[in-house]
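The chain below stands alone and is given as structure tokens, in the form predicted on its own.
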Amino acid sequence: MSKIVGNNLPNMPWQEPEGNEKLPVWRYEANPIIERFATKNSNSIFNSAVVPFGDGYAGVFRCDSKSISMDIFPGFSKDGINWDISDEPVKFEGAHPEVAKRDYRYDPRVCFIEDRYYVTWCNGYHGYPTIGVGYTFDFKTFYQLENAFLPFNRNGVLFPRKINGNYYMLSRPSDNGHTPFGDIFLSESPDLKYWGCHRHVMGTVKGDASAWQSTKIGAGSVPIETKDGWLLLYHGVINTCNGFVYRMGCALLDLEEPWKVLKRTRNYILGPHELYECMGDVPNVVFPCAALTDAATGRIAIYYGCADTVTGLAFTTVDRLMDYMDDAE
């Protein structure tokens, strides 16, 4: 019986496992689902966010241009697999002129709360990365709010509902480069403008007990509410002689005090094994940014960036991930 709390999504993308998987997550057989040149001027399309919308799906996609500028673009799909992504980036309205100045935008997440879709992304502010926040009702008109935090920060991920009357966001304080450190923190806000009550959630694992997440970690998709806690997909990084390697893990956070980690994977749940994950603009990367869920079956479809170049799709179930975390204890 599914432990997912939420709506049923019977027509979400899904493919049954072959039965010989050595990991709890398996790839869509036709990966990658979005190629690097899928829009007029894209060099790569990856690290993108997808949600149910209308009778299909909508999303906000990281598309680096052929001049290698980084921005976010809206897109729509009937089946969650075949996407029509705009050739024009998101244009935000309503922001203070100081905040509205575009520097760069990348790695969006999308979260539906109450009556609208909130977008968070890594937002360049005077050349420094912080967390941009905006919202849309239709993925055509977008409104920008104040940046959530001071630089330096990345991987801002909202929870899909208020907790004790407040909004909650995960983030990963960082630096201005290819950050060689990073833990996941939690912040809360009454209005999505003023953020405080910062709490440490979890950190890297030193030594070889779980070395794939020994350099830095960061929140991935919007947390999935289950009867046992918030299921969080996240990325972990190890620094090797050939550079960073990004893999995927999961953790379970307390429902009412989500800075408390109830359990966590020791082994990764997906790593860069396929050619499209190992070769690209940034080799050896799987980077989760979105997950669709079906409460009736417990199915989870994960959208993830592959080698900072293309977008992949993978599948699992809430029970498989829970069992995998139990085995790691």
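For every residue, the number given is its place in the sequence shown, counted from 1. If you're wondering where the values come from, they're calculated on a predicted model, not measured in any experiment.
Beyond what is shown, the protein has a form predicted in complex with ligand BMA; the following relates to that form.
Looking at residue 107, you'd find a heavy atom of it within 4.5 angstroms of ligand BMA in the predicted complex. Although the partner is absent here, residue 282 is a contact residue: one of its heavy atoms lies within 4.5 angstroms of ligand BMA in the predicted complex. Residue contact with ligand BMA in the predicted complex: residue 61 places no heavy atom within 4.5 Å of it. Ligand BMA in the predicted complex is approached by residue 287, whose closest heavy atom lies within 4.5 angstroms of it. The candidate stretches are 99 to 107, 198 to 206, 81 to 89, 130 to 138, and the one lying within 4.5 Å of ligand BMA in the predicted complex by heavy atoms is 99 to 107. If you check ligand BMA in the predicted complex, you find a heavy atom from every one of 47, 216 and 246 within 4.5 Å.
The partner is not shown here, but in the predicted complex the stretch 288 to 312 reaches within 4.5 angstroms of ligand BMA through a heavy atom at 308 alone.
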